[in-house]
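So this first bit is one chain, no partners, the form predicted alone, shown in structure tokens.
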Amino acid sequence: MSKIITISREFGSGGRELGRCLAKKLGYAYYDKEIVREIAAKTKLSEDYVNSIVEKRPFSMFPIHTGSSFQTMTNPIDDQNQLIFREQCNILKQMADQSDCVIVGRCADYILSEREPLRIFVYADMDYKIKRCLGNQSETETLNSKEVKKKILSLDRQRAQYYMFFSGQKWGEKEFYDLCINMTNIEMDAAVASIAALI
């Protein structure tokens, strides 16, 4: 059976970079934006549209993971949300079957729970996240510290709602992860080396 590492992360904490570096050090496959591309290809929806949905709580009256709804009328948005999530589940399972891998986000820890992945949650202090986001801005981005903080809070709230909607679990709650890492005072190389040694 393939070894699977899933990484959930607060925006700006460095979780994506940690996942990429860890996959490289271990020689594992790394999946992040590739998942969105695969979903778009399978559903025939645009990547931008899929990306706008895969980490935001769908606009539905009932959680999709319950498998049923009391609504009598078909809701096209609900149908599309369910289609995207079903394809996301299928694609994650296919990727996990192919080789040892690191998967960032997309409810992978929940979807692949039966395969017992190493579930990592990455977080950091707000000042650290703001500084990191400001340092990673492109030349066309001109957000100030206050605007970056607002963006971080908004994106993390969306991730938490998305995770709760599909899993029924609280995003970031320690009981749902095997390892929680505060990156505020840890160098990336040190974190990667420590996790690799643990594995």
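One-based numbering along the sequence shown. Predicted model, so just to flag it, every value in this text is computed and none were measured.
Just so it is clear, the following notes concern the form predicted together with a further copy of the same chain, a form of the same protein that is not shown.
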query	finding
4.5 Å heavy atom contact, Lys174 and a further copy of the same chain in the predicted complex	yes
Distance check, Ser194 to a further copy of the same chain in the predicted complex, heavy atom within 4.5 Å	yes
Distance check, Phe121 to a further copy of the same chain in the predicted complex, heavy atom within 4.5 Å	yes
4.5 Å heavy atom contact, Ile181 to a further copy of the same chain in the predicted complex	yes
